[in-house]
Structure formats: structure tokens, C-alpha cells
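In C-alpha cells, one chain follows: the form predicted alone.
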């Protein structure tokens, strides 16, 4: 049996960030990834000269990446080339109008006036209100662990003062009258798997967060950030093992994690184990039920889970600069009804909203000359809705292409396709081990946030930690990077004081 101080399972953004922090702090870290490439949801497809990011497509709060690099004695700008996006997104509505979201305050306010002359005052009050929430909820609260109930209880009065009990949509509606503007400033919870009509108003901070730090894209694609993190970790002396799926966390008679067993049968010992994987799948598949008196299968399945996504990657031999910006959002005529169908319905909705990513607007290297590597994301129900994706995926793909070509105006789209892949909720379940094929793990609601969310440190097993979208503070690149910071700090507090050399033979199988 080989030995490492800390084993991190899963090389997504959370696992990579945790591994970097722990290795930089003096631990010896082994990072295990079941797939043949690091990145998790943030993967990459290369085919016929086209390059596609498979997951996240933007960077907000870049200071979190800068802090990660700085803590490792390096500079982000030496390893990653970030490109500022302006506007952040163009949002099209069913009536043909659009809103270019992002830019100078003057540019934003000019567009607001075209929708509602009174909206500028509401926008200024909204940004002032979200600044207060941002400073407390993001800068202070999101940086600390809520694994102790006493910590969370002390903050409840303040959370109520910050309108945490109100939904994002209801909070936004206090400042905007126009229905389309209400959707412009309330849709952001969808980026982290949240329903704008029940996600806490705490999540209304995204417009302020984006204005403060900008919205960025990494040259070469978001996967270039994954590669840079991988290289940084190895420069620090960390070890990465790809195609090394973990079968079980090894736990001794005192209920302490002491290592892992790989699917190959090999065992690795450790003083601490960090799981960067879907929380529910990680617990139910890797941690034997007899060790889980709190995080039982029943409790895990009672959480409300986020929607899933249908992802379509199209390599085109032409471009659509008049219709596609780097990021384009196409809103359906229905807003509340479609959101309800996606989160709580059964079967596929009759309409769709789409998120389109055309990175060649900023980085032509992502496609052959004159071509487009178009990423299309359609939010869809998770597998609990009973959709048979084996029989419906092709028809849904055809609906998307038909809509984009004939309704949205991407003329000649079908005949321009030179490369194509798609990714359904079944792939989220089978390839990424996401429970119910949920794209963002546990849905971010007030009663599934903070202390109510699965903790960064296991409630059942000593020496076992969690990082990523399903734990505190939640999904999205900023949330995942913060979870890595929290988890690494918890390990740093625990490891020197309590860890003793452990013998492999004490591990319970």
C-alpha cells in the first residue's frame, strides 16, 4: 500500500483548487480522477478543428483565481490569458427586442430607458441594495463554513434583514416594473441550478458581482484554466492519477477515513480524504451506509435537486456575427411557466430558452477560419421527470436546430454543421455520476443553503471532507472555488492537531 497525506477524489475545479491549496500548505496530495482528462464538468471536446468547452463558459470573480495562484507563489497572468467580455450577454426576447447586459453604467441605463423610462432609478436602487447583500453574503459569509448550527443560528436575523426569505424574482420586482427587465435581472440563479422564483434573494447579487469584477473568458477556452491548474499543482509537487476511479472510501473502526480503494483493487492510505464529486453519488456510492447515521440515503434523496441540461455542440463552417455575440441568451415568451416546467414538471416543456456560447467572437482559435464552435445549452428537467432521453434526444436536438434556424434567424444552420456532439441528463448521470442527472447538484434554496446544505466536513466520518457544487456555498465557479478554500482551511485546522500515522490494516472494508 502506498501512502499520501491527503487524497482528493475528483479533478474538477473544486478538486484542483483544493489540491493546489493543500499542496501549497505543505501537505502531500494525490489527486484521483476517474476520467481520462481532468476538469469534471469543465471538460473539452476537440473534433474536426473545432474546440468546445463542455461546461462553464465564463469567469466571474477572477480575484478568486488570482488568490489561488498567489497562495501557491505564482501569478495567474503568467499561466492564463483572460479576455474581458463587453457586453456580458445579449438577451433576446420572443418579440424580437434584445438587451445587451453589461457595459458602462451609461450604456446600461440607456437601454433601460428604452424598455421603461422609470427603470433607471429602480436599477440604481437595485444595485445599491445588492451591494449591501454582496458585501455581507459573498465577501463575508460565503468564506466561512456553516458545519456548526450555532454559527448559522447567529446569522439568521441578519439573513432576514438581507431579504433572504424573499425569492430572487420577488426581490427584483421591487425595483423593476417591466416584465422583460424583471427577467433580465432575475435569471442568474439558473447559472447555478436555481429557480429564480424560489432561490433566496441572497442570489440576486450576481449583477453586482459581475459589475464589480467583470465577466471574462480564457483564451483557448475555459479548459485552458483547468490545464493551468493541473500544471500548477504538479509544479508544487502534487501527483495526479487519471483513469483511476475510486470504488470506496476506507474507514477504520473509529469511523475515520484512512484512504481509498480504487476500482482496480489498489488501496491508497491517507490522513484525510476530500471528495470533489456529486455529493449524493459520492456518499451513496463511496461511503458504506453503515457509517452514515446522519447523511443517510433517505436524507440525501429528500433534497430538492437542480434541473439538468441538454447540451448541443455544433461545429459550423460559417459564422453568425449579426445574431451571436460571445454569449447570447434566447428567452422564451413564457418565463414563470417555463421555469415551473423545468423544475417541477413532467416531460419536456413545449417551448425552450437557450444559452448560446460562440467563443470565436473573442478567440478565433476555437474553430477553423471562418467557422463557429457553437455551444447550445437548453435547461431541461432532471431524470426525476421521467423523460426517456434514449428515445427523445434526437427529436429534441432537431427542435433546437429548427428553432435556431427558422425562428431565431441562424439561416442555413443545419447545412453548415461539420461536427456535432450532444450531452443529455443521462450523460450527467452516467459519465459525471450526477444524481438524477442534475447539472448543478442540490438546488440552491434558502432551506438548502448554509447549514442546511451538505457540510464541507462530513457529519459522520472524521477525516472526510467535501468540496464542489453540492456543498457550501454552492455551484458556479466562484462558489466551487470558495468551497475549496473553506475545505482546505478546515483540513489545515484539523490535520496537525489530531492526525496520527494510520495503519492500512485498520481500515474497514
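Residue numbers count along the first chain shown, from 1. In this text, all values refer to a predicted model and were calculated from it rather than measured experimentally.
Below, we refer to the form predicted together with a small molecule, which is not included among the displayed structures.
Exactly one of the stretches 179-187, 308-316, 197-205, 265-273 approaches the small molecule in the predicted bound form with heavy atoms within 4.5 Å, and it is 308-316. If you check the small molecule in the predicted bound form, you find a heavy atom from every one of 12, 246 and 440 within 4.5 Å. Contact annotation: residue 39 falls within 4.5 Å of the small molecule in the predicted bound form, judged by heavy atom distances. The small molecule in the predicted bound form is approached by residue 35, whose closest heavy atom lies within 4.5 angstroms of it. Using a 4.5 angstroms threshold between heavy atoms, residue 227 stays clear of the small molecule in the predicted bound form. Not displayed here, the small molecule is kept clear of residue 212 by more than 4.5 Å at the level of heavy atoms in the predicted bound form. For the options 291, 115, 422, 191, the residue carrying a heavy atom within 4.5 angstroms of the small molecule in the predicted bound form is 191. Though the small molecule is absent from this view, in the predicted bound form it lies within 4.5 Å of a heavy atom of just one residue from 217, 233, 428, 283, which is 428.
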